[in-house]
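There is one chain below, alone, in structure tokens, taken in the form predicted on its own.
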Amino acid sequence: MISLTVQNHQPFAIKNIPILTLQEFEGSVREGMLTHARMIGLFGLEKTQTETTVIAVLSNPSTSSLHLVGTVFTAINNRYNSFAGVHQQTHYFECELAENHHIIPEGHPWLRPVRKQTVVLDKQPYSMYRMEGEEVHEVAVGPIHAGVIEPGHFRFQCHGELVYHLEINLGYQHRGIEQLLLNTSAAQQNILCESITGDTTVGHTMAHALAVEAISRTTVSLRTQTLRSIAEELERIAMHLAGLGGIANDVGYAIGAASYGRLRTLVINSSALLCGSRFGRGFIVPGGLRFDATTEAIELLQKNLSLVQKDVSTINSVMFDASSVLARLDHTGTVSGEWAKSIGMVGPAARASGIELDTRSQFPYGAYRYSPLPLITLSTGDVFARARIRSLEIDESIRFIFEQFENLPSGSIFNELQPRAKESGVISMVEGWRGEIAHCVFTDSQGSWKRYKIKDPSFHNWYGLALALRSEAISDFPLCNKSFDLSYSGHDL
């Protein structure tokens, strides 16, 4: 594969990215994916009145390497041979590139909107997929929902109670965050990254801070790295508890829902002891942390986590042994390992289908470089597996936090940032609680951002939810939906 090969958080000069002919670009990307690389980015880097430079970013977990390669399109030569027919993981990336830059993937199996609900390629009207036949009916849900929920539109094609196809249409709260990041102050950029998706504040601010530090050649202390990772694991525990509570509620297991909810409150209150905010806001900044953890806060946090560890073990054993619960979870919403790998699923949802993929293990960063976490997988790919893997990850996150507190390094919590390198880039990957987060950032000749591309794990996993509903009863949609627990805002950006 012809490419620039770098490591996670390794800065590079933009001029070192090979800009190939279209034929060479297609061949290089195909070769990479045939050797087990995954696409994590396909976007326009630079655009003039006549040309658009497009960059593909691939990751190879087996070698912990990242590969960048580019090509140039013009208004006349704006077509390429789609990769999606063979490599389905590229499907949505190609749709996004077409929507943003009118670059057309010829032979694409299903060109559809990403953040524009009614058109493709700017002007062509888009019609959702429809089945026809006797007793076939269509159920439309959203984008306005009955509860306190973000906007998203779900179109079910059903025969009786069975769902044959689910199409998910998002983009209703597209806020233009990537563009806003190019035109705001450094302090405002950090606030924007905290708001990419409100339940992954620590994950996205971690990716942003690591990107800024890498491109400015700024190092942070081991204490800073450790406290950041503790905050990240607290966020993971809290959201896994929230997800388990939601699953318990959807199967009518009230005592489980109440118990998980109580424990989540204790965990986010513990996050406030460390971060000053129950949701991790205002803690991580480029260069380090806004404030240090006090001895009293650490002692109380450990006390809280000891209680969580004891109680969550009890409620997990009761819930996952309850026949009434297992009857709803087992063999419901199954996504096979083959499907999960094909569409590029990430995070606990992928690991529940047997996919060995975890940025903390394969592209380690911060404290994970010194204290690795085990890569946990299950094989059944159903709601049970997606719920069970959350419970297992809670156990490991608590163990990790206690281990870090036992050996908490000393040192400063903030170092002044050096100037950003000019005409440079960095790929910043972290493992949010939903899975792989990627911030691909590039600077111009003045050291300012000229491109800031964000990929939230939900970008991959919404298709997993659609596959999970195939041949399932439509009444199982809320349960399947909660087992993925995806972000609308993280997708819409």
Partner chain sequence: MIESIQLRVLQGDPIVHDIHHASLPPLFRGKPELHSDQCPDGCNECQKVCPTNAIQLHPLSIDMGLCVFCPLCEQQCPEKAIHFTNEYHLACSSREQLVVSDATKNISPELASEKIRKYFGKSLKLRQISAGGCNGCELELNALSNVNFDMGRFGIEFVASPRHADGIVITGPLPKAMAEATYLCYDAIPSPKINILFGACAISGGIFKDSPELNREFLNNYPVDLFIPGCPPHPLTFIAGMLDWLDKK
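What you see is a predicted model, and the numbers here were worked out from it, not measured in a lab. Residue numbers count along the first chain shown, from 1.
This protein has a second form, the form predicted together with the partner chain, left out of what is shown; the following refers to that one.
- Using a 4.5 Å cutoff between non-hydrogen atoms, D311 counts as a contact of the partner chain in the model of the complex.
- Contact annotation for F405: none of its heavy atoms lies within 4.5 Å of the partner chain in the model of the complex.
- For H87, no non-hydrogen atom is located within 4.5 Å of the partner chain in the model of the complex, even though that partner is not displayed.
- Using a 4.5 angstroms threshold between heavy atoms, P125 stays clear of the partner chain in the model of the complex.
- Note on contacts: among R155, R217, H145, H102, the single residue with a heavy atom within 4.5 Å of the partner chain in the model of the complex is H145.
- The contact with the partner chain in the model of the complex, taken as any heavy atom within 4.5 Å, belongs to G171 out of G246, G171, G287, P364.
- Residues P18, S424 and D444 are none of them found to lie within 4.5 Å of the partner chain in the model of the complex, as judged by heavy atom distances.
- With the partner omitted here, the stretch from 131-139, 370-378, 228-236, 146-154 that lies within 4.5 Å of the partner chain by heavy atoms in the model of the complex is 146-154.
- Annotation for 197-223: interface residues with the partner chain in the model of the complex are T197, G198, D199 [heavy atom within 4.5 Å].
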